[in-house]
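A single chain, nothing else alongside it, follows as structure tokens in the form predicted alone.
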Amino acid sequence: MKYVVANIKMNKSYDEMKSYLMGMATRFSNDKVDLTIAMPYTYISLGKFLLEESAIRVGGQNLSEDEEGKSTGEISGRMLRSSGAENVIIGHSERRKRFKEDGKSINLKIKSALKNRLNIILCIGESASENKLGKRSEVIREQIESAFKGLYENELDNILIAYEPIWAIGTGVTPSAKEIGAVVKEIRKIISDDFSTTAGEKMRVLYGGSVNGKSIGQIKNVKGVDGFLVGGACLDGGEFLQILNNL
């Protein structure tokens, strides 16, 4: 089974999203792929309605640290779940950078998501400068350990880790298959060190960052890669279905 998360980001009008979801619901039929479409909050209920009879899961792109109250403009885990979301992306690099989300904030979001029975796609990855300075391993370890602080091992069953090197997002540049394989090994070792060997082996690890029809062919057979987080290439339903059918 390959796990694929489509990150719509801040794209598509209501009518465009409705058409997109209807097309995916009727045309997606790959039983070897567990597919989530992570959509803007305003479309979660629509997604739940249109995808209910399909195998496609509804996901959110973020959630608040808070359960409820004075957080204007935010959305809680309870709201996401009650609107129809099953999964949620947490810690995407765009939010880490633009909204200054740090390890403590991401840890609180994960705990809120777990409390509200949401599965989590945790995004991690280093910047170009961190990569150039040889700090990738250090950055990844810090991001994982701060995010998972205070969690029980059984809670990891509800979490996928998406490795998205920041320098690869939207650039058309992807690490080599060898590099991705090395990072996946590092991720599993961190989980094994902090929890158990079994937990490290069970953790589902995705790759994200300029994933498209061309790059996916070079990455899909990398040992330990359990799937993909797809950004721009998921926006065209026809192109995205071709990618899914090649997995």
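Counting begins at 1, following the sequence as shown. The shown structure was predicted, so the numbers you read here are calculated from the model rather than taken from an experiment.
The next section is about a form of this same protein that is not shown, the form predicted in complex with a small molecule.
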Quiz item: Glu101: heavy atom within 4.5 Å of the small molecule in the predicted bound form?
Solution: no
Quiz item: Counting only non-hydrogen atoms and a 4.5 angstroms cut-off, does Ala168 reach the small molecule in the predicted bound form?
Solution: yes
Quiz item: Should His92 be classed as touching the small molecule in the predicted bound form when contacts are defined as heavy atoms within 4.5 Å?
Solution: yes
Quiz item: Would Leu229 count as a contact of the small molecule in the predicted bound form, using a 4.5 angstroms cut-off between non-hydrogen atoms?
Solution: yes
Quiz item: in the predicted bound form, which of the listed residues (Val211, Leu63, Ile191, Ala38) lies with a heavy atom within 4.5 Å of the small molecule?
Solution: Val211
Quiz item: Which of these stretches, 92-100, 142-150, 107-115, 129-137, has heavy atoms within 4.5 Å of the small molecule in the predicted bound form?
Solution: 92-100
